[in-house]
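Below you'll find only one chain, the form predicted alone, shown as structure tokens.
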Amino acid sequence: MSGTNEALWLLDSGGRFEVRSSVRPTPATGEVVIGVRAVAVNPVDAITGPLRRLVTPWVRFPTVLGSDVAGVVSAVGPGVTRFAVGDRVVGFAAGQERLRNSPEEGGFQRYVTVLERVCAELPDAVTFEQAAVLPLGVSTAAAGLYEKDQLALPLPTSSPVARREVVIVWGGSTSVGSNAVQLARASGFSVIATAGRRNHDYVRSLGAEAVFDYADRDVDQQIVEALAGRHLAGTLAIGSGALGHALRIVRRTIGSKRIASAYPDPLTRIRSVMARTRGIRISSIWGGTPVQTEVGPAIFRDYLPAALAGGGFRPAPEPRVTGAGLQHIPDALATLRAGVSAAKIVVTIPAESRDQ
């Protein structure tokens, strides 16, 4: 398709950005092009320096970052029957994934190529700003809960059958945790979560039956007591320090000994090997895994559209809009680095006049 595009390019691992014009992408088989109306920023976007090379060593510079996009379908590729031009959608922009590794699929641009299998139709009641908080958070939570090498739990449905087991979500007010609580409930499990005290009501509103303050000195004991006589279905450990707490809790409870860690560090592999001697299995979550597996379409195609339309799934955490236009994304990343609680930083992308 003809037309112009505009993207925020990351020039090098040092974090230098520049807005540049380019040709609007043409979708291939199984792809759609989205005219972006809102993007959210994630911690992986805010990485600079040697850590950028460590986390995504396959990325070639310059590149376009960004995973979370919401907007309007601008073009559909061959084989795409679920969407038509003009549809409102939310999608996972997979440009930073090893098997995609394409600036055309980075979310920080006006028109982005997204795989149909990780796009979901939006109901009118959900704004683009609200929807933009979802993709990477949903995908990471789904990876931890449902991938076969993670917790391997049953997939969510709009009318789940209640199960007797409990899922622990350590870090329930984070972006990943907010989605994990809701997905686990939609799979029929009870959820026990942690969060700062001021966010307890928020996490309960997402479906957690009990929320504990991760800062309490005896928080592990509180959770063990809450689980007395109940079986664990699995544990998600989200955030720095979460894995240590999860290990101490799992050792003293019954049920699943599987822990999916969403904060892998160099020690995770060592701790995983050591934990196996106690029958505990630790796995490291990669949020983009569902892009390539059956979990992606199971969430974005089969579950999310109806759940959003019916109100059974809520875009969470709340968007905090910090600017309008690609040029404001670096400032949004700076805001994210400074610290955010129970919110996600969003930048709107005003539509071009011919697209309105």
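Residue positions are given as counts along the sequence shown, with the first one as 1. Computed from a prediction, not measured in an experiment: that's the story for all the values here.
The next section is about a form of this same protein that is not shown, the form predicted together with a small molecule.
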Single option in Leu183, Val112, Val176, Ala132 placed near the small molecule in the predicted complex, where near means a heavy atom within 4.5 Å: Val176
To verify the annotation, which of these, Lys148, Arg198, His231, Arg248, has a non-hydrogen atom within 4.5 Å of the small molecule in the predicted complex? Arg198
Thinking of Ser240, Leu336 and Val340 as the candidate spot, does the small molecule come within 4.5 Å of a heavy atom on all of them in the predicted complex? yes
Though only this chain appears here, would Phe83 touch the small molecule in the predicted complex if you measure heavy atom gaps against 4.5 Å? no
Could you confirm whether Leu136 comes within 4.5 Å of the small molecule in the predicted complex, counting heavy atoms only? yes
Even though the small molecule is not shown here, does Pro43 get within 4.5 Å of it in the predicted complex, heavy atoms only? yes
Decide whether Ile282 counts as a contact residue for the small molecule in the predicted complex under a heavy atom distance cut-off of 4.5 Å. no
Of 217 to 225, 168 to 176, 115 to 123, 155 to 163, which is the one stretch near the small molecule in the predicted complex, taking non-hydrogen atoms within 4.5 angstroms as near? 168 to 176
